[in-house]
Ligand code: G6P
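Have a look below at one chain only, the form predicted on its own, in structure tokens format.
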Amino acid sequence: MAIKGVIFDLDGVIVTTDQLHYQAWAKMADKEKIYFNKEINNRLRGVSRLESLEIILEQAQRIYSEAEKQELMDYKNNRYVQLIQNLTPEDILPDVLEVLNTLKTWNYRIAIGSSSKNAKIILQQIGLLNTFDAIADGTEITRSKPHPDVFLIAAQKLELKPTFCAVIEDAAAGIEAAKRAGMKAIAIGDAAKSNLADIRLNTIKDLLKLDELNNCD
């Protein structure tokens, strides 16, 4: 079955904000005197803000109330939003613009499927807010990846059945979400380690070598 729509994860695929997330979480953890390092941070990729906080709090010396957890998430997000204000179109990852423009020329519908509640802010900062046919983000879901919800919303907005969609992901949780959504899962970066991936790319530009994606059948 030919692919008609391509759904892109945002962080790590279109633009890299991992370091900004790390800085914001590290600031929060330092304030609370909670041990936090890059190994722990890697576990946060592709999951929601609350799930990320719960992972960090595994290192905490006390139990936090729900109200306190919300305060910590707000603290982290405020710091993160400050950091992403410095993003510019120069932060778009290599070859992304060529890939997006080529897919549109080939009449594929393209969407963002991101668990981030700040996805639109990031897209605005890097000049891509109006590039995609649809945007599904963390403001529209209650369950983040590996649940398929954000990808299913993206497909619905594209007016395509899930089986006509392919997902580009750099996190294992996103690959699992794509498969659970009934979509083709195309892995890049760390996601290539997932045994659930249908196709693995060395670079985003390799997407254009997939016989206009029909090799995803």
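Fair warning: this is a prediction, and the values are worked out from it, not measured in the lab. From 1 onward, residues are counted along the sequence shown.
Below, we refer to the form predicted in complex with this ligand, which is not included among the displayed structures.
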With this ligand left out of view, which of Ala192, Leu57, Ala166, Leu44 would have a heavy atom within 4.5 Å of it in the model of the complex? Leu44
Hey, in the model of the complex, does Asn118 get a heavy atom within 4.5 angstroms of this ligand? yes
I'd like to know whether Tyr80 contacts this ligand in the model of the complex, with contact meaning heavy atoms within 4.5 angstroms. yes
Asp198: heavy atom within 4.5 Å of this ligand in the model of the complex? no
Report yes if any heavy atom of Arg49 sits within 4.5 Å of a heavy atom of this ligand in the model of the complex; otherwise report no. yes
Looking at heavy atoms inside 4.5 Å, which stretch does this ligand contact in the model of the complex, given the options 64-72, 49-57, 153-161, 180-188? 49-57
Sequence-ordered residues of 130-168 touching this ligand in the model of the complex, heavy atom within 4.5 Å: none
